[in-house]
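The chain below stands alone and is given in structure tokens; this is the form predicted alone.
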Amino acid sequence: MVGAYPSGAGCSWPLRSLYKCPNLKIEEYSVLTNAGRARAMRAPGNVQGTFAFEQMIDTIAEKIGMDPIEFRKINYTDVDPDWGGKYTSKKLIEAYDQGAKAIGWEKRNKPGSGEGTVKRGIGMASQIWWGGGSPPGYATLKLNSDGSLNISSGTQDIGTGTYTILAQVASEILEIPMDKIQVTLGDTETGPYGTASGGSMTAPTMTPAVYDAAVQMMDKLKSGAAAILEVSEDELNYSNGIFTVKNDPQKTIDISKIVNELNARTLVTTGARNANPDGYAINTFGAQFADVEVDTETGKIKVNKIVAAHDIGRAINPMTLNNQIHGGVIQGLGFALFEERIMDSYTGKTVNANFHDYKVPTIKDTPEIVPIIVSETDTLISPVGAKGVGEPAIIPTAAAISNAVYNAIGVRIKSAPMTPDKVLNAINNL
């Protein structure tokens, strides 16, 4: 449903791209309603599409008597089913295996077979998203005469840690301490064009641009050091901001002195995101696993644990990465169990647009969340090798919870949020 205007819809992409299926026909259309224009929210369309699709996959596996993970494995593909391009990297099998081990998949019962009024269930769901990044994306580095560094770009940080990871990339290449690096984002008057915040593009687009600018800066510094020290560039070692002549360790020069000796005040470089490789598909993958309890007397669902195993290339900053996964899982939990927009059918206005009537998860509702990164780096897409995780983190959560609920009570809840009244109605209609 797209409100009064046909925009912001589309839920079928996971159905076309997640598994090997040569005979596939999908019809998708928008339904206009008396409401405002649809707006994108974290992986638009994919959360809804995956919620339905991954329940279908579990249903098919059950009908042929196969374990849901094994069924997904035999329908695994190394190429994009839409057009046949080979993935630059794909670690979905590893996500299945490591996630299943962490959730205790071997303890999973047959659907609805548990004893007592509180039934326990384990479920899982897969995920595919873009997140590979692409040009254009630019970053400018300015090395100052005191050895400090400024990074600027027109991209933005919407709470995803962009300031931190851009500084990290420059710091690693130039060996400048993080506390001497300042990052300025969000203004194309002070920095070059940076990518928009969509498709989990920021990290995989902007970190290679900073990398490129930092490599250019290092080349400038090395050339300057060689000229000042009157040696060839091959005769120099570099460590922690200081160049040293290999055969004469007493001859050294630090980067701040190079800037001053060159009478440059600042050294400036601008880096660009490299082009993606031709003929390859670039996607993120993952699998999430849910352990839930369902009270068959009250209909209440309690999520005990979510394991989120993701393939996102190189993890540049594990702390901010884990924060992204926690945030995505909690938001997916809200979609699965709590968040429901109630509309006035006559006016098209939302009647529960407040935090009293529009329910979101609280800390009391939040389960144990276990992030697992199964990938290392994807060097085919960039020298940094990172893919995005902002949207992948939310995509399979609701589907994993719904499959776990089915495993607990033996009946499917096919609409979200899965509120207690829907659970009780489903149980009573068995």
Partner chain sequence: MKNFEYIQPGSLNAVSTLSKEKFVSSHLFAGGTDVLGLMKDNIISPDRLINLKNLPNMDKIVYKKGEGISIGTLVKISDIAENEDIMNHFTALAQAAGEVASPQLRNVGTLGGNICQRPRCWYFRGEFDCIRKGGGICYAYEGENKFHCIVGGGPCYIVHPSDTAVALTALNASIKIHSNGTMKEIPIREFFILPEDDPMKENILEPGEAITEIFIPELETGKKSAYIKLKERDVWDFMTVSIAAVADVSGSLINNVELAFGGTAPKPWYDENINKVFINSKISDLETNVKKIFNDSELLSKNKYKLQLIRNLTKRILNNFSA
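Residue numbers count along the first chain shown, from 1. Please read all numbers here as calculations on a predicted model, not as lab measurements.
Not on display, but discussed next: the form predicted in complex with its partner chain.
The partner is absent here, but in the predicted complex a heavy atom of Asp295, alone among Asp80, Glu235, Glu94, Asp295, sits within 4.5 Å of its partner chain. Contact with its partner chain in the predicted complex, judged by any heavy atom within 4.5 Å, is made by just one of Asn260, Thr347, Asn304, Thr190: Thr347.
Within this chain, Lys220 is remote from the site of its partner chain in the predicted complex, having no heavy atom within 4.5 Å.
At a distance threshold of 4.5 angstroms between non-hydrogen atoms, Glu62 is out of contact with its partner chain in the predicted complex. Within 4.5 Å of some heavy atom of its partner chain in the predicted complex lies at least one heavy atom of Asn352. Taking non-hydrogen atoms only, Thr362 approaches its partner chain to within 4.5 angstroms in the predicted complex.
Contact here is defined as any heavy atom lying within 4.5 Å of its partner chain in the predicted complex, and by that definition not a single one of Glu70, Tyr87 and Thr379 is a contact residue. Contact with its partner chain in the predicted complex, judged as any non-hydrogen atom within 4.5 angstroms, is confined among 53-61, 40-48, 390-398, 364-372 to 364-372.
For the stretch 402-430, the set of residues having any non-hydrogen atom within 4.5 angstroms of its partner chain in the predicted complex comprises Thr419, Pro420, Asp421, Leu424, Asn425, Asn428, Leu430, in sequence order.
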